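Okay, so here's just one chain, in structure tokens, the form predicted on its own.
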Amino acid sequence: MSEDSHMHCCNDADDTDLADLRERIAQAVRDVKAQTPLAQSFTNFVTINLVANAQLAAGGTAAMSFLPDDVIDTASISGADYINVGTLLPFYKDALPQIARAFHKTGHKWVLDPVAAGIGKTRTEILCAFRAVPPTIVRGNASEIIALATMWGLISPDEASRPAGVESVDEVDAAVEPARKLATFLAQSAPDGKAAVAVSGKVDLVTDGDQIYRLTGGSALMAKITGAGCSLGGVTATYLAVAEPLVAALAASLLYNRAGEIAEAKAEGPGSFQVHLLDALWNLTPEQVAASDIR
């Protein structure tokens, strides 16, 4: 049976499960708006402003820091954290593994965006260090997910592709098995046995290592502003503060797809798109997010 036909049969058989999943997604959106959870970020300084604004627009609270002791102390009051390895500075090499070890020790939930995975010795050393103290959710493009799964020895190098900076050179379909293996590995390290991997592309993919979901929609203008993916990672952490990893990853991805579509319809270019994107993140209802296409 092909994967597509298998998924179709599963959809027929699992209508009840999908309805339950939609309700949990809607509840996550409601909970963020009601609780304004804090999700702290150690993120790319090129895009830090959009990350914070997106978290606020989604209904959460933002805190940004590059000091390891500051991040570790603040984690005691944050629901989840976000680490992004874009635009590295020299001290990140020691700071990021130190933070990840502290999170692992306390079981603190966090989201990793392995930006440009596979490029540069320092970035590779940082990402390899995370293998021993892994995140709860990994969110990236197909090439980043494949590169990270290769670095961690979850797939063989001959299954992998070449890195291409921050843009993906791989289709999402090429990352299905790497994403599944990565999610399974993350779940084995999680205190509650739950984790997820989200792969962004023309059709997004989200998996917990068992189930695979495909999400359609979004906007091509996302690629014309800096920080669309970074801010999605931050919002994923916002949802992780109130929901289990699979639900958090799905809710954030669906929210972004709907917001991107709304923003594109109103925008005259990348500048106004970013403004309309933040407005759409703010205005979308739990029901609108949960009613999105999930395959």
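Just so we're clear, the structure is a prediction, and the values are computed from it rather than from any experiment. Throughout, we count residues from 1 along the sequence that is shown.
As for the form predicted together with a small molecule, it is not shown, yet the points below apply to it.
By the criterion of a heavy atom within 4.5 Å, Cys230 is counted among the residues contacting the small molecule in the predicted complex. Taking the partner from elsewhere, Thr87 is found to have a heavy atom lying within 4.5 Å of the small molecule in the predicted complex. Shown alone here, Ala100 lies farther than 4.5 Å from the small molecule in the predicted complex, counting heavy atoms only. At a distance threshold of 4.5 angstroms between non-hydrogen atoms, Asn53 is out of contact with the small molecule in the predicted complex.
Residues of just one listed stretch (42 to 50, 24 to 32, 64 to 72, 237 to 245) have heavy atoms within 4.5 Å of the small molecule in the predicted complex: 42 to 50. Think of it this way: in the predicted complex, the small molecule has a heavy atom of just one of Val115, Leu186, Ala174, Met151 within 4.5 Å, and the residue is Val115.
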